[in-house]
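This document starts with one chain, in the form predicted on its own, laid out as structure tokens.
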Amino acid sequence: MSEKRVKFATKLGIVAAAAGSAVGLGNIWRFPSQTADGGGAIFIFVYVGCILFFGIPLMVSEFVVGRAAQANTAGAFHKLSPGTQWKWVGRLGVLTGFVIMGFYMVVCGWTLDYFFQSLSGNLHRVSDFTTNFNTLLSNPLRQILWMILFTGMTAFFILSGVKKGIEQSSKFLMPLLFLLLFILAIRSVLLEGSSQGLNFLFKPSMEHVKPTLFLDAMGQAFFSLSIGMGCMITYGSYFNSDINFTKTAVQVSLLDSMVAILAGVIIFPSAFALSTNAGTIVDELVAGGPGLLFITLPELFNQMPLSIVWATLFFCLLSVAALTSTISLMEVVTVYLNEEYRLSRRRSTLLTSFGVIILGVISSLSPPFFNMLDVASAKFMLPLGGLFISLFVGWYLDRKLVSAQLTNEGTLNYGVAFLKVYIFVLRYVAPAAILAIFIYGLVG
């Protein structure tokens, strides 16, 4: 039978859990490459604007749906719109979270592999980092074992429940994440020649500005905040009635953006300080992705004094960032099975983990399948999920219900103007922006 719905115990736990959901490997490999390819400070400025005008309203919308319904992502839409087809939006969110885990857990396994390579000193002895990474990719069994281990780590926290598992882990992992970020950022900035990298990151450059700058920044903002995959709806259902949605969304967005920018402060200065070819390193930074994390950066770390220490800290950072996001993704699917099919949390977690491992095994054995899951989630499922959530809250939900959730039954005074602007963004601005991202993703 499904357990009685519990709540996060503290406001700190809420912010830490929601921020942990938003923070992931994309903050560390996607944001720096987008910044490098988008004019440095110009991209950051546009990105922050997209967070404020689009990302935060959509995150608040997911909080509204979750707390109003007091149910899992699929159950929330069914409860708030009985007898309609909106229920499929919730099911899409659950499916999206499951699909993402199917390939993302494999990448998370890579971070564990490299963490132990660094810790043991093996990475320090590598001479060809491209070959080292390709060796991992060509060994499905090795990838599968690390993927299963990471899935098991995630399942451990889910099995522990909302308060003892998700909330407590977030309150530990998020401070650890920022501690590692600050240590590595300080070390990077202190490298001789790091100023060139800081200039590249924070100095506006029209040379690298592309016509698609706005769409790139908007896409990064949406995907970085875990919009459209059910995480914030699920976590919103665990919020107490006194939680200020707007304040929480702003805090989560700020922490998420800080992680992304600090990742840039780690990567750019060290890349320029340690590279012998500025032109080549810029191309590698723009390319981003796994190659940046598992080939370029390890090679750079190997040139630093105490390279074992810095590489170990960096891959520990990656593993922590990955874990905070996989916990929220697994919770989406687990609580869906728990509530909709009346399975215990233990059985729901084990069934979810088993399904994720099956997808992960196929992804490890078949790179085309891996890429298919990646493309399907990023270019189709996430944009559609964000679009329908915006339309659902903006057009379908009763205005009084939305207002009651935003104002905590009138205890928060936002004013009529705020509500009108918020609804306008959800009805017209956000859908148009998401459709632009969707079309750009299809033809780009």
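These numbers were taken from a predicted model, which means no experiment stands behind them. The term rigid core refers to the maximal set of C-alpha atoms that superpose within 1.5 Å between the two forms. Position 1 is the first residue in the sequence shown; the rest follow in order.
Below, we refer to the form predicted together with a small molecule, which is not included among the displayed structures.
Taking the partner from the other structure, the small molecule in the predicted complex has a heavy atom within 4.5 Å of a heavy atom of Asn27. Among residues of the shown chain, Phe370 is not one whose heavy atoms approach the small molecule to within 4.5 Å in the predicted complex. Using a 4.5 angstroms threshold between heavy atoms, Thr349 stays clear of the small molecule in the predicted complex. For the chain shown alone, Ala22 is a contact residue for the small molecule in the predicted complex, at least one non-hydrogen atom being within 4.5 angstroms. Residues of just one listed stretch (133 to 141, 97 to 105, 302 to 310, 81 to 89) have heavy atoms within 4.5 Å of the small molecule in the predicted complex: 97 to 105. Contact annotation: of the candidates Ser224, Ser270, Thr111, Thr234, the single residue with a non-hydrogen atom within 4.5 angstroms of the small molecule in the predicted complex is Ser224.
Distance criterion of 4.5 Å from any heavy atom to the small molecule in the predicted complex singles out Ser325 from the list Ser170, Ser353, Ser325, Ser363. After superposing the rigid core, the C-alpha of Phe63 moves by less than 2 Å between the shown form and the other one.
Phe392 shows a C-alpha shift below 2 Å between the shown form and the other one [criterion: core-superposed Cα displacement of 2 Å].
After superposition on the rigid core, the Cα atom of Leu80 is displaced by less than 2 Å between the shown form and the other one.
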